[in-house]
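Only one chain comes next, encoded as structure tokens, the form predicted alone.
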């Protein structure tokens, strides 16, 4: 019916719209969790796709592991602003039409259309539209004047009270939405490869061997990193969900015969189980974005024999739009990995199948793999277009992660050293700032394509601080370079040093 339009001044309409937008975002998360059905997912993709490469690089350098949470927060701000603008438009339409309460259904319709257009989920979009309309409705109904009342002076107080009620209600909804959304978000409790209650025998033997041979170094992983502690870096704030039942890998381009492989066929092929280390090209010199797992996968060389590769390069494409280029030689020593530490490959690590190129920087190991395109063109990859050059073999590094003080005035220092397929021959430690050097004790060297080695050394502190410096020598006799460099463009380097207090 016709009547007095919205009684809200401009500033209160803005606040009401913001509450409505926040309620919409919270409702969507409660329904979908961190899945592609959450309205924040397309906002996240928008942020990633539109942010200039120089900005991405600066953020990664400045924030390190915090870069992805900050990106996600920005995506939430973008989508909340968009949905708030939708609610504000509904309020403005009410004023223009001079029809009371039009803003409530207009908000519901507008938010539903925006959310459905972004996510493609018409049903799930109701989870955003209903809370948004409810928030706007609470303020609208509570702020409306009674045409038969002479107590108009109380309207501002009622408006404030209604807005506070809607705001607190939205905060409560957000808290409940977080709990509900986390329950909807797929967890990392992934099943074992054979569906049993433990890792398959071959993987279990490797894991037990690593556990038996590992040094006990406080604040440092063993020879194999736990799945939940293994670093994850990718271009997403919400990882794609790819079902193994529908997954296919296409091998296309400069090949004699194009080929498509599905998940069941891949699992039926002879597989290998092996240790391999991944290191992120964007990590700081002594940061913790380097880990090792027991991987299960099929050698790509076996598959390539069936297609007759002719191109000198291969572009690996992923579901999330990421891509990377490697040489055919690197491709032929790579693996199609579907298992990690005896379990099905977790979603965060590229489920159902990822590429693993032993010895190369982490960005080369494309997750959520969908296509391998052979070509004669050396194309820039996703990160190369943004100023990086981390597609080759890793730099040699010795990490100093662990310090264990003893009652006798000594301390055991330790960590991990890694040089890709070159292997580690020795780690040298200096307790006087680099003046003199001593060989550290090394952990076992496994028969694997590439894997880190643990090291440890006891330092006499003599009641005074010691500057401990570590460096590695790779299996080809090359000493880790002393000169420090930043991660951009092709990985950090330099000797790691740390002052150890008594």
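All of these numbers come straight from a predicted model, not from anything done at the bench. Residue numbers count along the first chain shown, from 1.
The same protein has a further form, the form predicted in complex with a small molecule, not shown here; the description that follows concerns it.
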Review point. Heavy atoms within 4.5 Å of the small molecule in the predicted complex: does residue 367 have any?
Key: yes
Review point. Given that the partner is absent here, does residue 233 sit within 4.5 Å of the small molecule in the predicted complex, heavy atoms only?
Key: yes
Exercise for review: Although the small molecule is absent from this view, report whether residue 313 comes within 4.5 Å of it in the predicted complex, heavy atoms only.
Suggested key: no
**Study point:** Distance check, residue 322 to the small molecule in the predicted complex, heavy atom within 4.5 Å
**Key:** yes
Review point. Exactly one of 348, 194, 371, 213 has a non-hydrogen atom within 4.5 Å of the small molecule in the predicted complex; which residue is it?
Key: 348
Exercise for review: Consider the chain as shown here, without its partner, and state which of 352, 222, 362, 124 has a heavy atom within 4.5 Å of the small molecule in the predicted complex.
Suggested key: 362
Check your understanding: Has each of 278, 318 and 383 got a heavy atom lying within 4.5 angstroms of the small molecule in the predicted complex?
Key -> yes
Practice item. Name the stretch: of 260 to 268, 233 to 241, 83 to 91, 124 to 132, exactly one has residues whose heavy atoms fall within 4.5 Å of the small molecule in the predicted complex. Key: 233 to 241
